[in-house]
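Here we start with a single chain on its own, the form predicted alone, put down as structure tokens.
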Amino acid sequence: MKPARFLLAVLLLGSIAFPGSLAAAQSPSPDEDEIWKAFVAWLNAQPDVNQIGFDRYRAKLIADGLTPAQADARLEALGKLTERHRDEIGAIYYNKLYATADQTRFTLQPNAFLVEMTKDLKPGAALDAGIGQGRNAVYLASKGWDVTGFDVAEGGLRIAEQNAARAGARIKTVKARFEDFDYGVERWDLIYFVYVDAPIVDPAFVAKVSAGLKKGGLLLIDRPFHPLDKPEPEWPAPTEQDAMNALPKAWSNLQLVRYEDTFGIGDWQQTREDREKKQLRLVRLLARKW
């Protein structure tokens, strides 16, 4: 369950410019349920993640008889529906991504910030929020941590378990959303959100996650955020969590151990060859429960 708001749109939707009212006026009018079901059927029929993209779906619609304007209007409708169905589309996309052997979307190595921040810690109970294919969970489990990971992509969970078995490590997996997972009370020595789109500045979510940490337990966050000094037209508009120092403010109930707001090459930088050297705004936080 990796970046949906800031990355899934780029990976899945591409950079199509919708022609707005002109296209809408010429578009056929199937209801939203039919539009969505047809798109999901097409997604499920694609052999791997390299075949997924709104540009490819647009070509398919035109080949099926829609005019370019009608196809653009259909994509515009789908763009609005994806947020409503984000868990469903995320699961489909990431299941295919994790099963694609030659994917170049993300590194298979464990997150460097996680590795650095845990190298001198005594292993304990760790929660991987959005485990994906398990690159971080397997690393920590190999170091003696008792790791539980959850995700909406059941295919990713299976691959994470397989990767752990190949590494001679054991992990627990749960199918769940960020909002639905039971974080418990004083259950975890470490909870980490690495390149995932959890509601990390929502007060109710902060309280729920904080309650799950043991006294002295650590929260770790590492992910790209919307840049503040220059617009990114391919990203959604900035939100509250993109503001300067949003993470330390949101998690002020915890003791700040380390905070970075910098630019660099991200773990999920390899979306396209022409972006491999692009600098992203990367925000990292490590905080301890008092």
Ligand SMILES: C[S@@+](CC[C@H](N)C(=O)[O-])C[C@H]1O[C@@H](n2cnc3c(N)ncnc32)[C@H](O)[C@@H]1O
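Heads up: residue numbers just count along the shown sequence, starting at 1. Here the structure is a predicted model, which is why all the values come from computation and not from measurement.
If you look for the form predicted in complex with the ligand, you will not find it shown, but the lines that follow are about it.
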Exercise for the section: Find the only residue in 186, 179, 116, 83 having a heavy atom within 4.5 Å of the ligand in the predicted complex. Expected result: 179
Exercise for the section: Sort through 160, 140, 194, 191 and report the residue having a heavy atom within 4.5 Å of the ligand in the predicted complex. Expected result: 194
Practice task
Identify whether the ligand in the predicted complex is within 4.5 Å of every residue in the set 94, 135 and 152, based on non-hydrogen atoms.
Solution key: yes
Practice task
Pick the stretch from 68 to 76, 195 to 203, 163 to 171, 213 to 221 whose residues have a heavy atom within 4.5 Å of the ligand in the predicted complex.
Solution key: 195 to 203
Handout entry: 4.5 Å heavy atom contact, residue 146 and the ligand in the predicted complex
Key = no
Practice task
Answer for residue 127 alone: is it within 4.5 Å of the ligand in the predicted complex, judged on heavy atom distances?
Solution key: no
